[in-house]
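Only one chain is shown below, in structure tokens, and it's the form predicted on its own.
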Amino acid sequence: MSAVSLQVDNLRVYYRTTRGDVKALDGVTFEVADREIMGLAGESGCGKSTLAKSLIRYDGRMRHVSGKALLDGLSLPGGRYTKVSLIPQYAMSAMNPTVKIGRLIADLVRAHGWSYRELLPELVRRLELVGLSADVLNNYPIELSGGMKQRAVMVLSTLLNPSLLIADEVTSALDVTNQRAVAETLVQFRDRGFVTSMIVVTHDISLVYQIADTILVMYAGKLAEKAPAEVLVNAPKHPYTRLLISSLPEVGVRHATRKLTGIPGRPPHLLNPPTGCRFRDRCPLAYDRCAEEPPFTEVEPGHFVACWKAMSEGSPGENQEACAAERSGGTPW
């Protein structure tokens, strides 16, 4: 069994507002193993970016309510910023446009107590690995394309070999070709030992499925399901996961043959979330017990789910067909 790199236990982080606390992250527990790439997926507002930020630092609006996160046994967030690194959302805009890329990297590594001169050969080697020459160090960010800037930020974020890399929607502003290149680069960084483990935050399960070892699905501040990527995509147990996947296009299937449909309704407001399962008002399989909150339980080795139906009734295939029939008027997907 692989050693555990990251342990998150009953973590609750709320946002302060004038109307009360928004329960953006409400009691999440999971682990990420050494060398594991975990995809973190869900709709906008489900809490995935809040979870990512909670492992790095709390901003002025965030309030730690309970729980803990440990990286290699050390509490997060903390002062050991070389242990965890972030590729932020819209990373292409993260670099100061008035500072050359080499100077920007030099300032950052010196701020962490490292010598830029000593790191320069390794920096050049890693730039070349992602298809960038050392000449980019003399360029301003505006002189690079979007994909080139993204790759430069990825090299910068992993230069000190962090134990945990958090990639927050790193492909959202890229075309399909660059999306694939960035995804492959993330895997390459893990395989070469530049990072120990990785969390890839995304709303696109179809993309993260290509690179992740496991996928964790969130809904309304709670964990819905976590499983090996192949299992979660092909045999999901939680109704929300199944509906999320069924809303994605399949390669080679014409829309005239299979109509894409979204999930009816809207996620609950997290200022005053409902009791019980937070998905029950939108769930086609909801029943009386869903008024009680389901635990996030391991139902098969490595497969966790928070759903009474998945824990108590039927096989994954049976429940999947029932959920699909409800959505499509009788035809399972």
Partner chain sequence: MHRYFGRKTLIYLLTFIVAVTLNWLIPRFMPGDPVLRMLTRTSVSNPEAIAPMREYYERVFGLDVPLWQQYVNYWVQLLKGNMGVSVWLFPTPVTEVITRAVPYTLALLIPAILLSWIAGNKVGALAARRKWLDNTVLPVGYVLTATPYMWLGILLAWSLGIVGGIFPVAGGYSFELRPEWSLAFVGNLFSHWFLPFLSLFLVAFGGWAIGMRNLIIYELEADYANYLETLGAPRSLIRRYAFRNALLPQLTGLALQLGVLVAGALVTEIVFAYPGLGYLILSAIQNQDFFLLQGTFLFVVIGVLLANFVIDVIYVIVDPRVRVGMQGAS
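Numbering follows the first chain given and starts at 1. Since the model is a prediction, treat every value here as computed from it, not as a measurement.
Keep in mind that the form predicted in complex with the partner chain is not shown, yet the notes after this line are about it.
Chemist: Would Leu156 show up as a contact with the partner chain in the predicted complex if we use heavy atoms at 4.5 Å?
Modeler: Leu156: yes, in contact with the partner chain in the predicted complex.
Chemist: Can you tell me whether Leu86 touches the partner chain? I mean in the predicted complex, with a 4.5 angstroms heavy atom cut-off.
Modeler: Because a heavy atom of Leu86 falls inside 4.5 Å of the partner chain in the predicted complex, the answer is yes.
Chemist: Tell me, yes or no, whether Glu122 is in contact with the partner chain in the predicted complex, where a contact means a heavy atom of each within 4.5 Å.
Modeler: Because no heavy atom of Glu122 falls inside 4.5 Å of the partner chain in the predicted complex, the answer is no.
Chemist: In the predicted complex, does Asp191 come within 4.5 Å of the partner chain, counting heavy atoms only?
Modeler: Answer no; every heavy atom of Asp191 is more than 4.5 Å from the partner chain in the predicted complex.
Chemist: Where, among 291 to 299, 53 to 61, 276 to 284, 33 to 41, do residues come within 4.5 Å of the partner chain in the predicted complex by heavy atom distance?
Modeler: In short, 53 to 61.
Chemist: Just to be sure I understand the contacts: of Asp135, Glu128, Asp107, Glu118, which is the one whose heavy atoms reach within 4.5 angstroms of the partner chain in the predicted complex?
Modeler: Filtering the options by heavy-atom distance leaves Asp107.
Chemist: Going by heavy atom distances of 4.5 angstroms or less, which of Leu164, Met95, Leu216, Met148 would be at the interface with the partner chain in the predicted complex?
Modeler: If I apply the 4.5 Å criterion carefully, the residue I get is Met95.
Chemist: Within 133 to 148, which residues have a heavy atom closer than or equal to 4.5 Å from the partner chain in the predicted complex?
Modeler: Residues within 4.5 Å: Tyr140, Ile142, Glu143.
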